[in-house]
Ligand code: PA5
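First, one chain by itself in structure tokens, the form predicted on its own.
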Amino acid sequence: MKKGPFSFTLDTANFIPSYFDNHIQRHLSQMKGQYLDQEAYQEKLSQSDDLLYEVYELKRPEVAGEILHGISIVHPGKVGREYYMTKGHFHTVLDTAEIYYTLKGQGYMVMETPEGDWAVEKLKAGSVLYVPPRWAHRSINVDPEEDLVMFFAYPGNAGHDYGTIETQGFRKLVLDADGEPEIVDNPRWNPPENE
């Protein structure tokens, strides 16, 4: 972690930062239970533990006043009809927001609140997405060949709650319908007990 002001550059070919503190790699085996078609998931996993997405983090102190940021790269591919995606999360401090700037590729951000609101926004190179406080979010790459690459920034004290999504999933899925993305209800969505 750098002290004081700092800068970095993004390579225009792959957008990997010239400086980063942490490189996270999420493979198919780390997404157990997250895909709709569990048979397709097991079959794909038996052939290869594909790298689904990567995150390059620039670490800052995890306190209010700091801004955590980095690059997220979701690779192209599918499990059954469902596209490669991130785990998705709420922020531990629910009342914290996040900003995503799409640098390359195309996809969707699936979002929802604990109160039952949901939204799905298109992502394409040049688009900026504001995810308000209280909204869980998951990035999905719908391009058959190109990475979905985004710059993200969020408050230092926000934290990540992956457990809620791992348990209940998202209300909406994005599936491949004859080469076109289709937003559908998640039949495996497990609502919280208070709903």
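Each residue number is its position in the shown sequence, starting from 1. Small disclaimer: the values here were computed from a predicted structure and weren't measured.
Missing here is the form predicted together with this ligand; even so, the following discussion is about that form.
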Residue 81 near this ligand in the model of the complex, any heavy atom under 4.5 Å?
no
Give a yes/no on whether residue 100 approaches this ligand to within 4.5 Å in the model of the complex, heavy atoms considered.
yes
In the model of the complex, does residue 160 come within 4.5 Å of this ligand, counting heavy atoms only?
yes
I'd like to know whether residue 105 contacts this ligand in the model of the complex, with contact meaning heavy atoms within 4.5 angstroms.
no
Pick the stretch from 122-130, 37-45, 58-66, 146-154 whose residues have a heavy atom within 4.5 Å of this ligand in the model of the complex.
146-154
Looking in the model of the complex, the residues of 4-35 with a heavy atom no more than 4.5 Å from this ligand, listed in order, are 26
